[in-house]
Structures are given as C-alpha cells and as structure tokens.
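Given as structure tokens, the chain that follows is alone and in the form predicted on its own.
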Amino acid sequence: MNQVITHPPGSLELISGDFKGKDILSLDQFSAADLYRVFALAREMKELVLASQPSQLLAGQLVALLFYEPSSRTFGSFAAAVKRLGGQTLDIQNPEVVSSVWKGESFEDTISVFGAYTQAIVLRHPLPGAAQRAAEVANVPVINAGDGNNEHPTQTLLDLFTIYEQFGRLDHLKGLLAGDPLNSRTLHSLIRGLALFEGNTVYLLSPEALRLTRDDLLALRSRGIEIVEIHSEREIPTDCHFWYWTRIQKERLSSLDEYQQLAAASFQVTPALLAERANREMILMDPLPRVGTIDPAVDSDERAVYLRSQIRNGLYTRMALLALILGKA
C-alpha cells in the first residue's frame, strides 16, 4: 500500500495545452508549458482577488466537493475558488456517513450520481488510485484532491507556483524535502513536478522507516531529477533554495505506537536550525497541517511562507485550474 502508483504509459490523458474537459489526476499529465499556462492565469486570478473584483466566470457552474477524508485547506480553497469566480459548490464531506454510501452504494455509483448533478467533481479519498477509478465512470472532469499516499496534484501546482514566484524559474534549483517521503502524497507529486525541469536536485530527510521504497526511489530518479537521501540535519546543504517540511502521516500508519515512535525520531525546523543550515534567500514551505514540523517561533521569519504566500497561492492556482478545465479561460 505504501508504494507510489506509477501509471502505465497511455493510461493518463495528457493535457498537451488543452485543459477543457480533462481529468486532473496526476502531475504526469502536465508538461512544463502546461504548468506555465496555469501560473500565468493564476497571476491574473491573484490580481482579481487582491483587488476584490467580483467575477462571474463560473456563473451557472456547479462543482461537487466530494471528500472522503477530513480536510480544511484543500476543501476550503476549492470552495472559495469556485465562489470567487461566481460558481456554486455541492459540498459532501464524509459521504460514507451522510450519503447513500452508508446504505451500501458503490463508489462508482456515487461518482455517477454526483457527476449527473454537476459540471466537475473534486475528489479526496483515502485509497490510492481512487481518483483514477472515479474518472473512469464520471461523465464530468474529476480533479484529484489527494488519493491516499499516491498524489496531490493541485497542492503541487500551488507549491511550484510559490517557488516560481520567488525565484522566477523552476530549473536548476536545490530543495530539501523533509518528513515522510514514504507516505506523503504532496512529496510524491512535488518530485514529479520538479522533474519536468532541468538541473533540479532534492535532498530527502526522514526517519529510516519513512524513506521511499527502493522501487519508488529508482522510478523517480529515472525522470531525470537528482535525489539524495540524507540522514541528519548536519547533512542539509546550506545553499538550498527551499525547504519543504511535511508531517508524519499518522493516518497511514498501523498503530498509535508506531506513530509515536516515528514522531520521536522525526525532524523539526527551529530558529536554531535555520540559523545553522539555511541561507537568507531560501523559503520555508509546509503543505499543512503543521503537526510537529515547524516551531511556531519560526513563523515571524520572513522566509517562512507557509501561512503567507504558499497558502494564498492555493486559491489562485485552483481558480485558474477550474477556469481552464471548465472551458472558461
């Protein structure tokens, strides 16, 4: 279950410059040009929001937010993105409790039902591959808002946009990815995204038990990105452009005891660590929620963008993506 899903060639529909009506399931669908198109539109959305300008770009559009896992930021940002553009949302959280799923309705039937009501489905699910299953039966675009420990493509859009806005490029960068490489879908998608650009290197820092599987490490390296596993904070290069800190995925582990043992062996960003291993130009990112990852004393540091530009960029990039797949941009 911990292995990252690798899609067979041809199993995903590539965007190839045309977003309209496409499912968004994986970073493997994107080219560098596709990402830059999202970013260009995200900048327009940013200007619209900052100017408090009303928009009716998605007027008449209804988007289902179907979340089988708890969420606040992803759910909230998608809801805000639709409503900022004049659309409406059909909000279903914990469908196994509040819908016909409780009565025994199949996953495929649930997807078909909500596809009949709406113009798009945003799906979060605890099982890897659930978004692909949904896309196979839905007659409207499906956006993967996180499927188990597999991928979280829209999180990576906002993460890459944050890095791009800071450095003006996405190539020849050096980043530290810390926390839970084994189970973190945000890390899996981010590595895929960074691999689309030349000359990128990432350093993976985690407890031994949370390292990528050897198969996944080899598969990701085969994409052309340099991946270096490190074992201690002393090995963090001092010239990284960004640090990306993730929590241990408690919900993916077998027991509370296992989580507590791994939490005790995990790493945390502190003012002292920043002073010792960071440089003045880097940025510190966290996809949130922050659970044992970053000392709140770091929040006031100007390099800490997780509660500033990074979280806001989630709104702008999701506004852009929705407009593109619904054919309104």
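Residue numbers here begin at 1 and follow the sequence given. Here the structure is a predicted model, which means the values were calculated and not measured.
Separately, the form predicted together with N-carbamoyl-L-aspartate exists; it is not shown, and the next lines address it.
- Here the chain stands by itself, but in the model of the complex one stretch of 86-94, 217-225, 204-212, 68-76, 68-76, has heavy atoms within 4.5 Å of N-carbamoyl-L-aspartate.
- The candidate spot formed by S26, P128 and H188 is out of contact with N-carbamoyl-L-aspartate in the model of the complex: none of the three has a heavy atom within 4.5 Å.
- For the options A64, L288, L284, I294, the residue carrying a heavy atom within 4.5 angstroms of N-carbamoyl-L-aspartate in the model of the complex is L288.
- Not displayed here, N-carbamoyl-L-aspartate is approached by Q155 to within 4.5 Å at the level of heavy atoms in the model of the complex.
- Contacts to N-carbamoyl-L-aspartate in the model of the complex (heavy atom within 4.5 Å) from stretch 293-329: none.
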